[in-house]
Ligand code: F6P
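First, one chain by itself in structure tokens, the form predicted alone.
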């Protein structure tokens, strides 16, 4: 068989481990692997190269993706689906494995279900917001980086008697802010799933100050909505219709309100792309490899339109159509647990 593999959407630590799993499993059975460059853009433009044993040697510890990535949506390009089908035929692909988040997997689901193309998915997003799986590639590394960053920031806010607002990624779900914030000892956490209560936040910070705690760490997810006069309809969007959050900057908004309401000196740290950079954690290396290997097994079984998902520590098959188009939001019981430590 000849299997294509691509990585789409935002990069995440562990992608190379998944690619490695795909290639090693395929070669083990005598199959060929074609690495498609820059996500779905590679399918549209015909950018690809064979992946060999040497191609995936010494990459398990590397962040990013050796295949490159993009936020390209074939359904937003004239003749995009036809061009994807043409590449299947020109490259003589027997299957395609798409590694990505909701958008990338959504395209794979449509190509499989509506066009009859042999596609399998692998769930990847540091946001951990894909339905049907407990784990997505990149999440474990992301929250570990947040935790480590909070450990470092604690010493400087203690020294300067400041409040530090730390903005982390998380467009529609607050998993990174909540789990990373809990592990790093955050004093308050704001996530998209819970309406912002600035009075409660500021009262809490002042109460800490009165008790002698002359510093605080506030973690905020980038997707948190503040009451502002920004016309979001006018903001730039990507090909999947998502607002480019660089134009909104919720962290500075929170910091400004804290300083205005409390008089406490407040600073902002936007972790941004740092949270999905660098070497993958142990869990991201092992679990991404498991998913890559299993995806090839699904190809051999003809499980088109499915993805391997981790549920309760076990790998199970989940239909892509059931996983995409909906967001796995934070379990509010976990948020209430975090409130105990606020």
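Remember, predicted model here, so these are calculated numbers, not experimental data. Residue numbers count along the first chain shown, from 1.
Note that the form predicted together with 6-O-phosphono-beta-D-fructofuranose (F6P) isn't included here; everything after this is about it.
Proximity to 6-O-phosphono-beta-D-fructofuranose (F6P) in the predicted bound form holds for all of 126, 222 and 273, with the criterion being a heavy atom within 4.5 Å. In the predicted bound form, none of the heavy atoms of residue 112 sits within 4.5 Å of a heavy atom of 6-O-phosphono-beta-D-fructofuranose (F6P). Contact between residue 191 and 6-O-phosphono-beta-D-fructofuranose (F6P) in the predicted bound form is not found at the 4.5 Å heavy atom cutoff. A residue is said to contact a partner when one of its heavy atoms sits within 4.5 Å of a partner heavy atom; residue 171 meets this definition for 6-O-phosphono-beta-D-fructofuranose (F6P) in the predicted bound form. At a distance threshold of 4.5 angstroms between non-hydrogen atoms, residue 261 is out of contact with 6-O-phosphono-beta-D-fructofuranose (F6P) in the predicted bound form. With the partner left out here, 6-O-phosphono-beta-D-fructofuranose (F6P) still marks one of 54-62, 25-33, 41-49, 273-281 in the predicted bound form; by a 4.5 Å heavy atom cut-off that stretch is 273-281.
Interface residue among 71, 77, 208, 85 relative to 6-O-phosphono-beta-D-fructofuranose (F6P) in the predicted bound form, by the heavy atom within 4.5 Å criterion: 71.
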